[in-house]
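In structure tokens, one chain follows: the form predicted alone.
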């Protein structure tokens, strides 16, 4: 959520910044609500003060033997008026909060203009795209060839966009996850974290999925409201919800492997073939909680940690800076890493690394105590995929295929595969 102070001190600048995202912010309506809120709040305080003063006169009237009924009648009238003012104030505050909850984060100044992914800016490329002297197969054909990827059974068990992985293909995905975790823990300094895969509404509100993106979630319970996680970002970041952290505990660097569940409500008709857009998939997530003056540096470092996984796997990729129209709701700045997929003859996103600054922290009430002032300050939160296991599996299958359909195993994964160097048909 944006800082309410910005709306009180420079609301026109907020409107200008939101226009970068093509978001129309009704300044006049918000200003009217704020003006009415101030007036009602002043009225409420005045009525409460008047009621308190009159209440004190009851004892004095009793001591003098005077009739106290007129005083009680007046207090009753003030009470009714006060209650009505409090109801109106609560409604105005709720209306203002609803407006605030629907507004995305303000973009970093370095984020380029643009409407959609076609206007993202490529910053760099790494690695060489493999050259094949035979007709290549995509990951679906390779998975079927190895009898390790069964979409029909996934649909039978659940519905479309679910899959059953088998044999060495399933083992390869597990190897990828273990390799990613070990690298982030042993080389990049993250603490392994295990969290629930079901979260409450407060957790989803804290990281920005609710109320705006409810249709993208799988709800599993109504009393209480519980949801399957769309990403480990949600439960891991919520570890610091309603907490005041000590300065020497920061930065927090956490890595978590989890399944992710997404309804993909707005993505029907896209990527209907294969593993690219499933309702359930595995991901290794990186989350950092840092002080405000460290978040830009942390963003670069977190992105480099995700890149290192791709480099160790020998997968060609590119790094892009998302434009204004493609940057996520809660993010102020996002880098996407896009891996080369020969079967699609294009780069495809495999990791998004985002800096949210204090946008999530304000919803989460996540703070740290500044020892110089003794006062709590909002933390900054960041996360990124390190990496999405399913898409990494796709990249391995397609980039390391041979003419016979065998899959060569990258050297860094061979020890996780029991010394196996090739998955043979």
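For clarity, every value in this text was computed on a predicted model and none was experimentally measured. Between two forms, the rigid core is defined as the largest C-alpha subset superposing within 1.5 Å. Residue numbers count along the first chain shown, from 1.
Separately, the form predicted in complex with the RNA exists; it is not shown, and the next lines address it.
Contact with the RNA in the model of the complex, judged by any heavy atom within 4.5 Å, is made by just one of 370, 49, 31, 69: 49. For residue 223, a non-hydrogen atom is located within 4.5 Å of the RNA in the model of the complex, even though that partner is not displayed.
Although the partner is absent from this view, residue 37 contacts the RNA in the model of the complex, with a non-hydrogen atom inside 4.5 angstroms. In the model of the complex, at least one heavy atom of residue 75 sits within 4.5 Å of a heavy atom of the RNA. At least one heavy atom of residue 58 is located within 4.5 Å of the RNA in the model of the complex.
Here the marked residues 1, 277 and 419 all miss the RNA in the model of the complex; none has a heavy atom within 4.5 angstroms. None of 23-31, 384-392, 37-45, 352-360 except one has non-hydrogen atoms within 4.5 angstroms of the RNA in the model of the complex; the exception is 37-45. Contacts between stretch 8-31 and the RNA, counted in the model of the complex as any heavy atom lying within 4.5 Å, involve 8 alone.
In the core-superposed comparison between the shown form and the other one, the C-alpha atom of residue 50 has shifted by at least 2 angstroms.
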